[in-house]
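In the form predicted alone, a lone chain appears below as structure tokens.
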């Protein structure tokens, strides 16, 4: 029996620009097709760090060049744009790879909104830098005119910072479930999803925020009732004492062991820490669920129990 698997693709699976992305997606599609060929149902989520930054910077430059003609583009809209063009490359690359293997299976991208809590404490402490570097004068102007939060970034200039709230639920989850049940490979929650919150009635308002793609993938995996969440990263396994003489690579982790290592500071914030936290949350969410952290090219072996770090009860 095949498993229902949610794969969270990291930035290394997508490249840093359009030419790199087209090359990277070919290799990514091969690894995903390996799992589909084994009989697994696959739902794909992905990051968008370089891509949404490029879009946001381009939009900011356009506004700066002719402020009377072009109005600022909300960050939520930039996330939506990144979902569209990354999904376009992913679904075409995967469709081609599957057909080359004689597998006639549809692939579709869902433009995905993810609900966040407008009272999330992250909104009071925005920390995620986005967009281009600015002079102090440019930064002060944006603070005064648009109410942006800015920081001085390591002597390189000033940058806007936004919140990174925790995802609560996926707005399009019923559509995603229906598509998976119909046998489609679904690409969803790109870049962590378009962050939205509910206002009056049924209206959804975009938030000036970015959602961590690992936490969004965890919510997606829970809401599609996946068996396994695979979080792909730049290393084959999770390590404690990473980069030190006593470095130790881990084959398995229980949630309690993971929390112990987290409290001891073994996992870097913004890097391995959210991956381990998301893996633990999914593994504890229902009996029989497990998470795997490994390299893209090792995903098939990881599902077979041959490598990677497995997180389970």
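Just so you know, these numbers come straight off a predicted model, no measurement behind them. Residue numbers count along the first chain shown, from 1.
As for the form predicted in complex with a small molecule, it is not shown, yet the points below apply to it.
Participant: Within 4.5 Å, heavy atoms only, one stretch in 284-292, 60-68, 29-37, 264-272 touches the small molecule in the predicted bound form. Which?
Facilitator: Among the listed stretches, the partner-contacting one is 264-272.
Participant: Could you confirm whether residue 232 comes within 4.5 Å of the small molecule in the predicted bound form, counting heavy atoms only?
Facilitator: So residue 232 counts as contacting the small molecule.
Participant: Closest heavy atom of residue 95 to the small molecule in the predicted bound form, within 4.5 Å or not?
Facilitator: Although the small molecule is absent here, residue 95 would stay clear of it in the predicted bound form, with no heavy atoms inside 4.5 Å.
Participant: Tell me, yes or no, whether residue 238 is in contact with the small molecule in the predicted bound form, where a contact means a heavy atom of each within 4.5 Å.
Facilitator: Although the small molecule is absent here, residue 238 would touch it in the predicted bound form, with heavy atoms inside 4.5 Å.
Participant: Within a 4.5 Å heavy atom cut-off, is residue 10 in contact with the small molecule in the predicted bound form?
Facilitator: Result yes; residue 10 sits at the interface with the small molecule in the predicted bound form.
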